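Here you get one chain, nothing else, as structure tokens; it is the form predicted on its own.
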């Protein structure tokens, strides 16, 4: 965490403390123990077959001024047994929110999610992915921002000013799973001379029209997905992240028609005289009261496509995905998600299984299984072919 971000967090904390006498406060969070067992011998020396880690994520909330003002501080930290890059800490949120008559103002570090599809979040660009947490890129670093939001009859408009860029995290040389070459995360390259201090902007309109939930967005700034360039540093061959400047238009839409959810995310991205289009879409059909029980079963089919074909950095450049989601609707909130993808260019496959169940009021047990199958060295998935793993998480909520 750099000095600029720490200063912003401390300033906001001090501001909140002064107003605390009039506030309602709430404290919550969780601590977790995670174990991973890898099912194949590692590709690289110093990698291990088993890994343990411990994480904590406390959160404080303050509200005052008849709840028109609030402040949230959410911290995250993980200690990892084998991967020094995965041992890290972050301020997920440290933000003041003021609800005005016409405009809601949000200032500080926050996390914002855009997207509707299950297996890839193509349009989600505000926050950087905390990739050492999980390959699915759903864990996000806190993003410094000023966000103005207004709700009108014709939709919701959000303007984002993003004054500082967060670099992506990658697993270290001893970590699993990781890329075939180590990533020089401490030596990134930027297209902009302002580097991480470049000010990015985003604008999004969203609305619900009949059965459709629609979002249209524009982003101008530093790409969240770096290009990984081969480089020698101190005599070692590795990958150096390069963050270009981009413009991106995006559309996300979801239609709810009885038991059907139809979903689409699409982007048009422009950089340095070149542009490309990518999309991800599909449907989910829910069988309510599956087999005359209280459970619901959702069946999913999605397809991901990227105009760049094999030049794409995405795992879903030409991929067909099938999934099933079982929600037991019981007191323990038991859920199970299964998905399998097939890359139509490389004929490779990946499988994921995610299940969770609550025990008592405070304990949640989660089990994740990830399998990777690829025989093509050009395939991004090829680097993970020996990193199949089973993961168990014990999370205690307070």
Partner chain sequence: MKKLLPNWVNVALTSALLALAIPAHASAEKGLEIAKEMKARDIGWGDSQAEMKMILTNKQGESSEREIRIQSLEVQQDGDKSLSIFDSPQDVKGTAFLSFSHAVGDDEQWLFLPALSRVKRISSSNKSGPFMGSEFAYEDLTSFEVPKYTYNYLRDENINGLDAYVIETIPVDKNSGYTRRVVWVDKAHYRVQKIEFYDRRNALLKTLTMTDYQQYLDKYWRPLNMLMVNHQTGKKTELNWSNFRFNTGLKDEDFNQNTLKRAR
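Residue numbers count along the first chain shown, from 1. Small disclaimer: the values here were computed from a predicted structure and weren't measured.
Heads up, the form predicted in complex with the partner chain isn't pictured, but that's what we're talking about next.
Of the candidate stretches 307-315, 224-232, 100-108, 271-279, only 100-108 has residues whose heavy atoms lie within 4.5 Å of the partner chain in the model of the complex. For the marked spot (86, 320 and 368), a heavy atom within 4.5 Å of the partner chain in the model of the complex is absent from each of the three residues. Contact annotation: of the candidates 156, 131, 253, 326, the single residue with a non-hydrogen atom within 4.5 angstroms of the partner chain in the model of the complex is 156. Interface membership of residue 123, defined by any non-hydrogen atom within 4.5 Å of the partner chain in the model of the complex, is ruled out. Residue contact with the partner chain in the model of the complex: residue 288 places a heavy atom within 4.5 Å of it. At the 4.5 Å threshold, heavy atoms of residue 373 stay clear of the partner chain in the model of the complex, well away from it. Looking at residue 44, you'd find every heavy atom of it more than 4.5 angstroms from the partner chain in the model of the complex. Residues from 60-76 that approach the partner chain in the model of the complex with a non-hydrogen atom closer than or equal to 4.5 Å are 61, 63, 67, 72, in the order they occur in the chain.
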